[in-house]
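Okay, here we've got a single chain as structure tokens, the form predicted on its own, with questions on binding and movement later.
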């Protein structure tokens, strides 16, 4: 089902891009960042416009959505990185009433984001599915169907994604007419799984409740003997309703919610949220705060990767390495605690900068502790890489092939281990990353060993970036408060979380509130990739493969 994307011509400048979309598909360019204004000059200040120069919005009629999206993806090679809906059935928005559908494509080489919007009328909420030609669209279309009731016509398997078993049919919580306080009857719907038939084929259901302290998720294996021939993951058992909860909330409450998307990616999510608000407001974040954001973002990455490395070693019964990585993770947590008094980095970011100067006076101590982690990591990696038994266990196991990684838009270490050398810090730099030299490791075999090595190399790179940020951080203020944002303006916030590309899209409402908050974490892209990576492996390999991706349940089940 998954096909390889052709070699594509990405050497397209913005003028050609605009001309092709408007002439060939009758697309209308929309103002960037403002839903009411007819031109950019009325919607954004100079600083904000500079940030968003390469972010374009176009609108097409719904019957043109399939050809234009297919053209952008197949002919130009732009990846579908996000797809979402927005209930725009309010006169105050000044647009045609209906549900806005947004398809976001990225040219990751030329740093261009192209958003194609169409409006679906409430009387007939359906749209042509893109899943046959753009495999990455399949999950988004199922999500939108569950949350907005927009049916993807021709979808190859439009089973419910977010709501299953207990949620009644015909209730769509992200429509503005849905009251979040509603008490719904409990449905009793049987979950349908793909049937794989044949001699000797049988199913193994695992979960949603697992041994140990992990979150719930159901995995339905189809096996022939021990080899896995199909895996279907049923997630969303911990759906928190964060996007609905954000509607109508203050900007400060939105920041609070963003920090609770995923516990181990608190900083990356709060930073993406702050970016979106700061772009809308046109504010200038102080330079010292930008460097501090790099420091905290890399500390979160280092902590996460050390935990992942220990987890892989644990599932391979490699006790010494497990406890080495866990010890270093403890050191990283201690460093976070010294910096801000919070291991999970909550209440560090704020709109317009940082809550306080967390670094001043601690520079020498921070660098000393980072050097200690670096030295211990070098010794540990040297021992691990000389262990041929461990290498045999992880090499050529759980391979995610490059074409599948591209088609599914696999991101982060999972994508970079399969030859997809993309990292937001370099291609869409934010905070102070454009002032630092970011090295992006890349491997090509796509197995556990490659994902393991990517994370090792990124640990060293995170330490180097933190030391560089501390040494070059300018003096000065760390906060430029934001007191007001215009209503019905929108912007992206994009960060490289420990698990990969993390995209937030936010539209403001009246009186400094949130109208729509869309979140796409890296785990949303990589869960389908994991299901492909296990095929052909044996059941005992699954925990190890799963751990090498280390995907988030809570960060996916928003």
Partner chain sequence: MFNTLKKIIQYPRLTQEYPKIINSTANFIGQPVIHPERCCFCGACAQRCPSQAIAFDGAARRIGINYDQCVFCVLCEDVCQSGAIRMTHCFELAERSRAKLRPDGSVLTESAAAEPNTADAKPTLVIHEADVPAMADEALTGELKKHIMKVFGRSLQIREVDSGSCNACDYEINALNNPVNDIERLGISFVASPRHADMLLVTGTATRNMQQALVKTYQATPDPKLVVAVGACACSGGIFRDSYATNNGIDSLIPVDVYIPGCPPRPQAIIYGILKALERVE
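Positions refer to the first chain, counted from 1. Keep in mind it's a predicted model, so treat the numbers as computed, not measured.
Below, we turn to the form predicted together with the partner chain, even though it does not appear here.
Handout entry: residue 198 within 4.5 Å of the partner chain in the model of the complex, heavy atoms
Key = Flag for residue 198 set to no.
Exercise for the section: Report whether the minimum heavy atom distance between residue 449 and the partner chain in the model of the complex is within 4.5 Å. Expected result: Although the partner chain is absent here, residue 449 would stay clear of it in the model of the complex, with no heavy atoms inside 4.5 Å.
Problem - Partner contact for residue 121 in the model of the complex: the partner chain, 4.5 angstroms, heavy atom - result: No.
Exercise for the section: May I ask you to state whether residue 117 is within 4.5 Å of the partner chain in the model of the complex, using heavy atom distances? Expected result: So residue 117 does not count as contacting the partner chain.
Handout entry: Partner-facing stretch of 292-300, 438-446, 322-330, 82-90, counted where any non-hydrogen atom is within 4.5 angstroms of the partner chain in the model of the complex
Key = Going through the listed ranges, the match is 322-330.
Handout entry: Position in contact with the partner chain when the complex is considered in the model of the complex, options 364, 475, 317, 209, heavy atoms within 4.5 Å
Key = Result of the distance check: 209.
Handout entry: The unique member of 229, 204, 401, 342 whose heavy atoms fall within 4.5 Å of the partner chain in the model of the complex
Key = It is 342.
Exercise for the section: Run the contact test on 189, 192 and 426 with a 4.5 Å heavy atom cut-off to the partner chain in the model of the complex and return yes or no. Expected result: Contact check failed for every one of 189, 192 and 426.
Problem - Contacts with the partner chain in the model of the complex, stretch 347-372 (heavy atom within 4.5 Å) - result: Result: 347, 355.
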